[in-house]
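This document opens with one chain alone, in structure tokens, the form predicted on its own.
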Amino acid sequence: MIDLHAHSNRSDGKDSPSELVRKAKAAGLSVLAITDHDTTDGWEEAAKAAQSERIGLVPGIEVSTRSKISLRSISVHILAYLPDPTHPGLAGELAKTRESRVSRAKEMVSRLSADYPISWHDIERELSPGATIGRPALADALVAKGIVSNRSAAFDSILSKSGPYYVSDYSVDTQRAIELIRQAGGVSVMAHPLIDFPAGRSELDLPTKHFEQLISAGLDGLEVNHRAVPEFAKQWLRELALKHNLIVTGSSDYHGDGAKDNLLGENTTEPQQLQRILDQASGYEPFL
């Protein structure tokens, strides 16, 4: 089984990279991709664990990006597989995003502290050294304080994007990110597309033009099989992938026990689709 989307505590996962690899092996996976948010910090540790556990590893990144659709600005996550982590353009944008995440988190904590007994020190306790910070760290601090029961409850209430404590952060333009990933020798796959679209929409309601613009920019694939992708959208996405000869993946988006309900291997990628990624990538070598 091949799972191409999982997170360690180098971003918002609960497990260290080596723990993540061991859990993947125990779950029966033959290949795992480590795809932490906007960082490659866990690659080396994961590779050593993969060699020890005799499991394949595909180093990757989940890149935070933003796209403009009509008058809206939406968050789009792009999975970058096997890019050169030293590529100046890509590395520069990732660093800029990580720095923005820190200032954004500090502003959110400042707002939260006016109404809840929470401080920046509480957030730091929830982070591994060097980890990419995001709302999950704030959610974990709220859980630790007994203010909410779990991450999901925090996101649904206090940390809601429509709430008074939310602060937006910097993200590279989606088309620019795709171009940089390709320049770095990586393969780009849109993570969990259309998760924010309500069930019941028809094909005509989907932003076809937006997808085609990203494909023209060099998007290589779509993560169709993911628990958050609406069932009504999956067939539409498969047809789009077929039309444009895109890679189709399936993944768990695992974050660790107690973080999300997602389980390692609950959605998987076909071997021939992984091979397409390996054939197209030139920035970094997988451990297979």
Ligand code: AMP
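Sequential numbering from 1, following the sequence displayed. Keep in mind that this is a model prediction, so the values were computed, not measured.
Although it is not shown, the form predicted in complex with the ligand is what the next lines describe.
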Decide whether Gly134 counts as a contact residue for the ligand in the model of the complex under a heavy atom distance cut-off of 4.5 Å.
-> yes
4.5 angstroms heavy atom contact with the ligand in the model of the complex for Lys234 = no
Contact between Arg104 and the ligand in the model of the complex at 4.5 Å, heavy atoms?
-> yes
The ligand contact at Arg227 in the model of the complex, heavy atom, 4.5 Å = no
Among Phe211, Phe155, Tyr116, Tyr165, just one has a heavy atom within 4.5 Å of the ligand in the model of the complex, namely Phe155
Let me know the one among Leu29, Ala259, Val248, Leu240 whose heavy atoms come within 4.5 Å of the ligand in the model of the complex, would you?
-> Ala259
Go through 45-53, 240-248, 259-267, 216-224 and give me the stretch that gets within 4.5 Å of the ligand in the model of the complex, heavy atoms only.
-> 259-267
For the stretch 1-35, return the residues whose heavy atoms include at least one within 4.5 Å of the ligand in the model of the complex, in the order they occur.
-> Asp12
